[in-house]
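Only one chain is included here, represented as structure tokens and corresponding to the form predicted alone.
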């Protein structure tokens, strides 16, 4: 245990996590530091493009096999199941209504692509080589959790939740999903030759761009926490920290059963532990407009996202390496 904690502490000193901490500190100190919105959007586009393309090129080199298919199936099952666990936990330790609890739960079966990118960066920085197709697993885990949240309201709420016209289209054509999956497919099609052509653009600059992006995310998360403190009860805060650990345990079991590499197990844990703060909030505004956005956004972006970046990812890395011998 001491070794795991020491490894986690070492990873807290990585540049990407320290830049996120800088953003948090600046927001809490009410600094006027900011990243222009257009620049922040450009950074996110770059990161999605780079991680998708590299994942596709890795799959082209690896080839399609049973482990890839089973990993996709496992991701789908987890994305459907984790909101049910989150909902039960919320109802046990908080006083949220069925609708609010379901909306929050939906965020915890879906994934945070930024957390995934950060975890990938940390894994490669310590010499691990996660399976490239984990990008595809991330993509398939985005939407099923939303359906689970709607089913929970239909099953336990006072009235049935109905799918609004165009909701599924909005989910599946979400810009981040389109770019991630599209870049993955292009990387898969072009393989090593395509990777060689654009490697100077998506390999060397990646870490620096990620640091700037996480600086901005720290500013956003810090300001959100500062402005929504009244919403954050002790029970909700406990959930925001406990649910990632619960989810990561399921991801750990899935990764070990699938026989993934240490880096792959770590990423499966990270995907299962993360909470969406882009696609799912957009879907909840359409499907469950009566749910309170300040609750689910504060939890996913203000509590779970910082927890995963500062403590969660190092813990997932340490546990995966300890249990796989990586």
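Positions refer to the first chain, counted from 1. Since this is a predicted model, take the numbers as computed values, not measurements.
Same protein, other form: the form predicted in complex with another copy of the chain, not shown, and the subject of what follows.
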property	result
4.5 angstroms heavy atom contact with another copy of the chain in the predicted complex for residue 212	yes
Partner contact for residue 67 in the predicted complex: another copy of the chain, 4.5 angstroms, heavy atom	no
Exercise: residue 26 in contact with another copy of the chain in the predicted complex, heavy atom 4.5 Å	yes
Residue 38 within 4.5 Å of another copy of the chain in the predicted complex, heavy atoms	yes
Answer option from 186, 246, 232, 76, heavy atom within 4.5 Å of another copy of the chain in the predicted complex	186
Partner-proximal stretch of 267-275, 253-261, 29-37, 56-64 relative to another copy of the chain in the predicted complex, 4.5 angstroms, heavy atom	29-37
Candidate spot 45, 182 and 198, all three touching another copy of the chain in the predicted complex (heavy atom, 4.5 Å)	yes
